[in-house]
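Look below for two forms of one protein chain, each set out as structure tokens: first structure 1, then structure 2.
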Structure 1
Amino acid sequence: MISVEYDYANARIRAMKSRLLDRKELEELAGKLDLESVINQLEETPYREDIESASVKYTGIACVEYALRQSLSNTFRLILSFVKGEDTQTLMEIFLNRWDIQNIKTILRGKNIHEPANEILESLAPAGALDDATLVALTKQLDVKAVIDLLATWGIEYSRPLTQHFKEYSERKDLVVLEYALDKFYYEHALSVAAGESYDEGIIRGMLTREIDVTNIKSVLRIIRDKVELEDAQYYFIRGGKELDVNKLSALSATRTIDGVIKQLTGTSYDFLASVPDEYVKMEKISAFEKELDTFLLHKALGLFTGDPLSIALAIGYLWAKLNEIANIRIIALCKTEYVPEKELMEELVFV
């Protein structure tokens, strides 16, 4: 993509970034008494049109969820519309497709525990190639197999690893088998597409390899918590991480304790996990560590705002910022529905 086109795209993205909610605005939302007040406040923000459109069909939390999904989907498609150049669009799509993987995982998890379709849908983010209509159809399938069969019928590439590993999933009754197959398929394909030497490919590759590290560390923590046999541990690791190869990951798993993992991560980019309070270490509450890892990735992504202005950096940084905003609003809305105390709600938000 030539620099003039980058100038136009990044000018648009900077304008969009200026409309993101700041910390004060999010804290005001969190301070509202109930969900209705949150919705009324959102109508005074850039989410006004999305809320108004959603309110025609929905009320309450369903209204907020629909509005957020629409905003996210529209935002991503808008960026793709003015980020020109075949190579650049391919890289953007590779980045966005990570949410296809996350959405399919969410649907499979929901079907695995027989969760209602509407509840599964509320947890989805139509940010990749799978649009809202496609996701709705998938959530309406009877079970895990029906979801995979529909993906295959439509010729969607993610059906391949799922079909290949379905027999193993059926035998082991462990959804991790399918989730690992999806992750491995996605990252191997994404890294192959971003394997060149251009600056843009380096940006995408840098985020992908960090994500692989984070995904693998989460797998190590689950292996320890769930007391997975060590000979099975390597099965859940994805190759291609930035700092942690399979041997290092196996060594982390072999410690058999979260405290041991933290100590072995000393000197790596992930030694910040040592700041997680001891009580979570003792309780093996891995959600606290997962939040720190997700926040780390977010900071890495937002650092792209200071990257080369004539590159894909600003677009990628903005997309992460938008996703974090959506996640925070969703948390606020859900907490208001459950009457969660404001102090506890604030602890769940991620401010950057």
Structure 2
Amino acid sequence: MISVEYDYANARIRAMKSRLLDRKELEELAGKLDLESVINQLEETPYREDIESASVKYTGIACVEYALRQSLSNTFRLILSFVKGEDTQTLMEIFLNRWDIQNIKTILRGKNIHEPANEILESLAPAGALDDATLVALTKQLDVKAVIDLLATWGIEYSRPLTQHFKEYSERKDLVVLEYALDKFYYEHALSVAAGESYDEGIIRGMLTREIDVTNIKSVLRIIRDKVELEDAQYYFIRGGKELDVNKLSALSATRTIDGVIKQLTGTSYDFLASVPDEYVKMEKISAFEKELDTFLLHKALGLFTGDPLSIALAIGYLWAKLNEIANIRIIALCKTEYVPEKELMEELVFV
């Protein structure tokens, strides 16, 4: 890609970033009395068009959900249209592929319990590189094997780990085998695509390795909480983390306490976990740690805004910021429907 194209893309992305809702606007939304007021307020933001088109089909929380999905889907499409060049698009698609993985997992889970195709279709994320026609065709397959076969017939790369592990799945009758195979394939594949020396690849690789660390720490915490056998623990870790390799993760699991994990993480980038209140440590409330880890990852992603303007950094940073904004709006809207107290609602929001 030539720098002129980046100039245009970055100018557009910076303009889009300036339109993201700031803390004050989100707090104003959270302060609204009910969902109707939240929707009215959203109509005065860049979500106006999405809300208007959603309100034709839906009302209430369904309207907000639909509008947010539309907004996310449009944003991805727009960002991809800015980014020209095969290599850069491949790198951008790594970010989108996580939704493909989630969607394939959902289809496999649905087929495993013989859920109707329309039910599965409703549970798919409106993002990812796989188009709607592919997803519809996959949901219409008879069973797990037929889904994998169709993926293989169409030459979709996710069929490889699934075909490799299908025998094990058939023997154990445990879908988790296929899910882990897919997850591991995603990260291995993504790291191999971003293995080069270019600045863009470095950015993608940096985010991926951080994400692997964060995902692995979350797994360690859940393994400890549910007292999973140490011999089994290694199976659930993804290789390729920035600071934590499988041996280190096994050592973390071996501490058998969350307190122990926090102590072992001293000196790493993840020692901020020590700031999680003691009551959550005692209660083994993993979601509190996950929120800290996700916020850390978000900080890292938003830090990309200060990176080289003539690179993919801004696009990646913007996508993370947009995802966070959508998550915050969804939290506000859903909490308003359930009349969750404002204090509790504010605790769930992530401001960076």
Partner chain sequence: MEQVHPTRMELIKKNGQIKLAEQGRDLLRQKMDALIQEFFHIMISVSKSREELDIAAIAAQRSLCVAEAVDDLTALKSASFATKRALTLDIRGKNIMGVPVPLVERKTVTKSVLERGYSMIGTSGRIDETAERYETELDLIIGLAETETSLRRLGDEIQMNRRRVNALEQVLIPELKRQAKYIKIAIGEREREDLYRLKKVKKIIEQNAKKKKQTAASVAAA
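No experiment lies behind these values; they were computed from the predicted model shown. Think of the rigid core as the biggest set of C-alphas that the two forms share within 1.5 Å after superposition. Each residue is numbered by where it sits in the sequence of structure 1, with counting from 1.
Only structure 1 comes from the form predicted alone. A movement of the C-alpha atom of Glu188 falling short of 2 angstroms is seen between the two structures when the two forms are aligned on their rigid core. Remark: with the core as the superposition reference, the CA shift of Ile224 between the two structures stays below 2 Å. The angle of turn of the smaller rigid part against the larger, between the two structures and from C-alpha superpositions, comes to 22 degrees.
The shift recorded for the CA atom of Ile148 between the two structures is 6.6 Å, with superposition on the rigid core.
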